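Here we start with a single chain on its own, the form predicted on its own, put down as C-alpha cells.
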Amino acid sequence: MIEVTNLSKSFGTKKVLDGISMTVRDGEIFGLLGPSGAGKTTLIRVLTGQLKFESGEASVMGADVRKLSGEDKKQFGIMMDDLGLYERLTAYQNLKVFTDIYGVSVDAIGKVLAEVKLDQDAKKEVSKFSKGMKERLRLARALVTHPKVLFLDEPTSGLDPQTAKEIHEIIRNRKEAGCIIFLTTHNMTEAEKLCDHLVLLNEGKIVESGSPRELCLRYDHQKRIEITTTDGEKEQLPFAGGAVERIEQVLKEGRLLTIHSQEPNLETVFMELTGRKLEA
C-alpha cells in the first residue's frame, strides 16, 4: 500500500533522506524507529505530499505522491505535533473545521470524540485542555475522515503512561478495522508493543528492518539464559557450557523461580548498528 524506492531528499547541502526504500503492506502497523533528526518526520511529509524530493519514487495506495489529488488526500489521516489546534475553539468546533473541508458528515465528530474519550469535553475550549487531551484531539482530527492510511508522527511523545496506553489501544482498534498505520517513534517500548514491521533509520539511511522480534533475535550474539532463584539471586548462563546441568540442579533443589532468555532489546540493536541511543 506504500512503496518507496531509492528516495532522497535534501535541505540545502544536507541530505535528510538518502536512498530510502521500503514497502508497507496492507493491514499492518509499520514503524519508523530512530532518534530525533533521523529523517522520520521528513519522510511523512514526503509521503503525504507536503514536501517535494529530488530523486526516487514513492506511492501511497497506488498514487504517486508527487501527483496526489484532493480525493487521494481524503484517504489520509495525519497526526503531527506541529499541525496546531485552534485554541479558542471547542473540541467539537475544531473537528467541524475539518469535516467541512473534507465534506464529511458532522455525525462523525461525536463518534470520534467518543473513541478518543473526549465526548464529555466536546464543548470545552481547547485552551483549557491538558497536553494529553490535546494529543487525543489531534488524533481525533486524524481519524474523523475515517482514513484508509493513518500517518502518526511520535503520537505519544511526552505523554503520561496512561494516556499513551489509551492511544495505543485506539491505534490497534483502527488496525483491526482495516486501517494501515505508518508510525514514527524513538520509543523502543512503543515500537515493540505496536509494530508488525520496523525500519531503523539513522541519519537519513535505513540501517536494518524486520519485525521487532526478528531484529532482536538477529543480533542476539550472546545467547544467554537468566534464571532467578527463590532467594532472589539472578544468574546468567550461556546456552552452551553447562546451562542445562545448572538449571536441572536448581530445579532439583526446588529453588527455581523464573527462567527466560536474554535477547537484546531494540535500543541495544540500534546502538550496535549506529553507536547512538534512540533517545538522542
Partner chain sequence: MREAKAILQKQMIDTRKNRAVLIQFILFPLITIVMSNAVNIQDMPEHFYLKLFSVMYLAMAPISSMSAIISEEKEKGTLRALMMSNVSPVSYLLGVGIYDLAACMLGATLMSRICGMNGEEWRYYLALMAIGFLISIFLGAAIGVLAKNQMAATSLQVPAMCILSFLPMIGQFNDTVAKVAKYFYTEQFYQLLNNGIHGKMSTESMVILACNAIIVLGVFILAYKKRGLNRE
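Residue numbers count along the first chain shown, from 1. Everything numeric here is computed off the predicted structure, so don't read it as measured data.
One more form of this protein, predicted together with the partner chain, exists but is not displayed; see below.
By the criterion of a heavy atom within 4.5 Å, residue 161 is excluded from the residues contacting the partner chain in the model of the complex. Interface residue remark: residue 250 is not counted as part of the site for the partner chain in the model of the complex, having no heavy atom within 4.5 Å. Contact between residue 93 and the partner chain in the model of the complex is found at the 4.5 Å heavy atom cutoff.
Of the heavy atoms in residue 84, some are within 4.5 Å of the partner chain in the model of the complex. This chain appears without its partner; in the model of the complex, the one residue of 141, 197, 174, 134 with a heavy atom within 4.5 Å of the partner chain is 141. Exactly one listed residue, out of 207, 122, 106, 101, brings a non-hydrogen atom to within 4.5 Å of the partner chain in the model of the complex: 101. With the partner left out here, the partner chain still marks one of 251-259, 22-30, 50-58, 207-215 in the model of the complex; by a 4.5 Å heavy atom cut-off that stretch is 50-58. In the model of the complex, 50, 51, 70, 73, 74 are the residues of 50-76 with at least one heavy atom within 4.5 Å of the partner chain, listed from first to last.
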